[in-house]
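First, one chain by itself: the form predicted on its own, in structure tokens.
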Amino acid sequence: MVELMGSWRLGNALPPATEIDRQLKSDGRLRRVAFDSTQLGAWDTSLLAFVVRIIRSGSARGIEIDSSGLPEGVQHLLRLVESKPSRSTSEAVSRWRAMLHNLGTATLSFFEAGLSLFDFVGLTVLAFLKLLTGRARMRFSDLMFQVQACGVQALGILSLISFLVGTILAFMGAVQLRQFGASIYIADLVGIGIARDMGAMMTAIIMAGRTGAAYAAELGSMKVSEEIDALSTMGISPIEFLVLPRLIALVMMMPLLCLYADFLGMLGGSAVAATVLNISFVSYFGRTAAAVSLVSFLGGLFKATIYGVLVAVAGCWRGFEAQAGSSAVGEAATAAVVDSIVWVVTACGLFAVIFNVMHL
């Protein structure tokens, strides 16, 4: 029996708990400890610390601690102490809650973005149908301006990248084919690779970084400055007035840019063949004409057209989704480039499977 008497406050001379610990250690026959607080006066947290020390010391030695003799306030505080989880458990629970919260937030954001994209695509399709019936508010001058911006003005960077990619493919193939005396097949390698896949993909990635980002930045700036809301207020559909010229212009230019990229890529391959493998330009392009079929060219042009749709939709959609803030335009442009490249690469993989199944 532990008798508690007098005032138990921090400023008073309190008995040390080490004496109780010593008695609990020395008496091996002790099986139960109780408290008597009938003569207890005022108390504060010093009493609680003393009791907790005894309870933990007794529990470590298998001794039953009866706290029913303590004041009701002390018993309530003890229940709170016993029910409080350990710090490590609390941190683990917090980590799990944070991870589940982040997962839930990401999932909701994904589905919200998907619904927004479907809504945007649906509005764009309806606007295009209105254009076919002559009821869409799209200016021809805007279309011509966008054709120039995403067509002629993109030839410089497209020429450089296409030529360099063609030389890289030729160098890679030349190292291997020269070992087997099949150097002439470098024309087949470069021609088929450029015409079927690489030309369209190079063009799409270049336009994603150049034109798709520009679309997102332009429309994002208009969204932040409330110009798009002003068009809606005046009864003009922003999709018809802003999106259709950009979408049609890029879809029109992508096949032509792809053809140009194909030619520059094959020209880069011929330069490597002439300088490294001593193959004349006549022999190289003759072999290319024999190896590359019309189906390969048409397949590449079809892919480029689809890639143009994906790049234009990603750029315009991200521009319309821009939020208010100083960094909104940059975030919209970044998201447009990322979405465009992901969609283009995914579509390229699907086309590869489909064309293989169709034996094209």
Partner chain sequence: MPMQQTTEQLDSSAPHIEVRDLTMAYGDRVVLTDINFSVRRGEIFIIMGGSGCGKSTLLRHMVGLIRPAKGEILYNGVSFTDSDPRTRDAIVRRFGILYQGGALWSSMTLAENVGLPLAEFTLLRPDEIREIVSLKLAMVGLKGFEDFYPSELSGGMRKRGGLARAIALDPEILFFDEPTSGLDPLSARLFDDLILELRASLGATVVVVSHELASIFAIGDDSLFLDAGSRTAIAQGNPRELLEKCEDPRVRRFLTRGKETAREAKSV
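Just so we're on the same page, rigid core means the largest C-alpha set that superposes within 1.5 Å between forms. Positions refer to the first chain, counted from 1. None of these values were measured; they are calculated from a predicted model.
FYI, the form predicted in complex with the partner chain isn't displayed, but the following is about it.
- Of the candidates 222, 277, 251, 259, 222 is the one whose heavy atoms come within 4.5 Å of the partner chain in the predicted bound form; the others do not.
- The partner is absent here; in the predicted bound form, the one residue of 159, 283, 153, 232 having a heavy atom within 4.5 Å of the partner chain is 232.
- Looking at 268 to 276, 172 to 180, 133 to 141, 192 to 200, the stretch with residues near the partner chain in the predicted bound form, meaning non-hydrogen atoms within 4.5 angstroms, turns out to be 133 to 141.
- Although the partner is absent here, residue 123 is not a contact residue: none of its heavy atoms lies within 4.5 angstroms of the partner chain in the predicted bound form.
- Contact between residue 290 and the partner chain in the predicted bound form is not found at the 4.5 Å heavy atom cutoff.
- The closest non-hydrogen atom of residue 236 lies within 4.5 Å of the partner chain in the predicted bound form.
- The shortest heavy atom separation between residue 227 and the partner chain in the predicted bound form is within 4.5 Å.
- With the core held fixed, the Cα of residue 101 is displaced between this form and the one not shown by 2 Å or more.
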